[in-house]
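Have a look below at one chain only, the form predicted alone, in structure tokens format.
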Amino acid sequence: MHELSLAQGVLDIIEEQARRQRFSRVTAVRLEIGALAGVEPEAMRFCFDAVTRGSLAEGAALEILATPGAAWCMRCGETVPVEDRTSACPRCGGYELQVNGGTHLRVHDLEVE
């Protein structure tokens, strides 16, 4: 379950920002997770709760903002929405796609005290 290491990375970012910006508690975390990032949202929630125990983010609400996947279709010459890495182009039905969006996991923002 790589979500555990991802959740730990998010906590590391939070702790670094707490040192820089001098806040002592996080009440909410918003994560952007792309549809093609390979991250299971419910596993991320579980792991986030586990790694934040005893930290300044313990009990913080975790909001996940899902972002769509996108790929460049070589046949159409257009960027098209895709649901997964094996999707066909919704315009022409071709499979000559190069993923170019929706592969990220990013801390969007924090609510802090």
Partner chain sequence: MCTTCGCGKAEPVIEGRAREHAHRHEDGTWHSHSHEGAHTHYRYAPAHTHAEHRHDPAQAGGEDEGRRRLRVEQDLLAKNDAQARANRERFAQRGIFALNLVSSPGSGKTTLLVKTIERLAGRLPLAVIEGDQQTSNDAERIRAAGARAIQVNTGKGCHLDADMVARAFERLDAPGDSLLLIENVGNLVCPAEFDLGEAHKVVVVSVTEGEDKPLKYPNMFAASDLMLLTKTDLLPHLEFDCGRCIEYARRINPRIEVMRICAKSGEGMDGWIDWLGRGVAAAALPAG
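Positions refer to the first chain, counted from 1. Note that the structure is a prediction, hence the values are computed from the model and not measured.
Although not depicted, the form predicted together with the partner chain is the subject of the following passage.
Using a 4.5 Å cutoff between non-hydrogen atoms, residue 66 does not count as a contact of the partner chain in the predicted complex.
Using a 4.5 angstroms threshold between heavy atoms, residue 92 stays clear of the partner chain in the predicted complex.
Mapping the unseen interface onto this chain, residue 54 counts among the residues with a heavy atom inside 4.5 Å of the partner chain in the predicted complex. Taking the partner from the other structure, the partner chain in the predicted complex has no heavy atom within 4.5 Å of any heavy atom of residue 81.
Looking at 34-64, the residues that come within 4.5 Å of the partner chain in the predicted complex, counting any heavy atom, are 36, 37, 38, 43, 44, 46, 47, 50, 51, 53, 54, 55.
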